[in-house]
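A single chain comes next, written as structure tokens; it is the form predicted on its own.
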Amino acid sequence: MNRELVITRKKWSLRKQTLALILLSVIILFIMVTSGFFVDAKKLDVHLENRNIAPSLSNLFGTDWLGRDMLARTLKGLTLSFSVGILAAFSSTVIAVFLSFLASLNQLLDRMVTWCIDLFLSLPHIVTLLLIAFAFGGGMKAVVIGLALTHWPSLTRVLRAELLQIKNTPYIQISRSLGKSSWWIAIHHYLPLLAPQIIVGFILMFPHAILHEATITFLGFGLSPEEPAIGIILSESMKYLSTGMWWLAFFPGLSLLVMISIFDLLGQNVRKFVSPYQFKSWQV
């Protein structure tokens, strides 16, 4: 009994630690994202008298060659990246759920979905994203469409594998014998069982979407140059690094890396919290 009590307490302690990390990640992300909405618009305007100022107490991230405050631009860029990431991740998740349910209907559809997954996974990811964004004319709309159409395969493969395990379980067969349609079964049986994988997949898709948005924007195929996106900030700062203005790229790049790392940490801990027995960290 004592050993069982110790094991229970340790597992409960690990669950509390994981929940604490989840809450901390959410709070940090909330602060990073919402800060962009409270940035003074005047700090984004051109002030030539304040140009090329190094980081200081009055300008924590310094100013650029036009006197614009880099902290304000970075916060705006993170907010914009978050908006693109949430739209792209949500769209990709919807596509993944739909295709996984479609694959569960019959073998022909399953083969077609599997072929599409293999096709997209075999193509160079960035190249496909660039081509789609270029075909739609660039801008935020094109970037979101490109991200949505290129980030669904991995999650679809996971959901399809889960459905293969549960589609022939007894209660699914009972529902079919009672005359329930395939879509009724998908909504009332499959969706609740797949909810943890869907939530985790949605969260873990965020860092990939944000990073790839910054990549293609840096290359000039993403968001409009008028937008204070992180990719645009990094692209513009490249020609000034040789003059010693290191802060133009360092702080925006570090901020983007922190956001991506926090999203990844959030996804990993949410996965542990919803499926604790799949991870060694819960075992004692």
Partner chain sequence: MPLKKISLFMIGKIAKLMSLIIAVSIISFLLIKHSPIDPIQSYIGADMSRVGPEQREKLEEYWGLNEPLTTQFFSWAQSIFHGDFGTSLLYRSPVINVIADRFLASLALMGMAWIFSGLFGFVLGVVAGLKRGKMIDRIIKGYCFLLSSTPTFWVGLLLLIIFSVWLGWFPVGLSTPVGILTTEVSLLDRIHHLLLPAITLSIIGVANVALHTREKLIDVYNSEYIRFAKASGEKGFILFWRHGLRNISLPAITLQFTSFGELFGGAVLAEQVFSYPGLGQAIVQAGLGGDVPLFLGVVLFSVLFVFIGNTIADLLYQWVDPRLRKGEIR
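Residue numbers count along the first chain shown, from 1. Keep in mind that this is a model prediction, so the values were computed, not measured.
If you look for the form predicted together with the partner chain, you will not find it shown, but the lines that follow are about it.
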| item | value |
| --- | --- |
| Contact assignment for the partner chain in the predicted complex, among 185, 211, 204, 163, heavy atom within 4.5 Å | 211 |
| Single option in 179, 192, 170, 137 placed near the partner chain in the predicted complex, where near means a heavy atom within 4.5 Å | 137 |
| Residue 122 within 4.5 Å of the partner chain in the predicted complex, heavy atoms | yes |
| Non-hydrogen atom contact residue 148 with the partner chain in the predicted complex at 4.5 angstroms | no |
| 4.5 Å heavy atom contact, residue 253 to the partner chain in the predicted complex | yes |
| Partner proximity in the predicted complex: residue 18 to the partner chain, non-hydrogen atom cutoff 4.5 Å | no |
| Listed range touching the partner chain, judged in the predicted complex by heavy atoms within 4.5 Å, from 89 to 97, 114 to 122, 75 to 83, 153 to 161 | 114 to 122 |
| Residues within stretch 219 to 236 having a non-hydrogen atom within 4.5 Å of the partner chain in the predicted complex | 219, 220, 221, 234 |
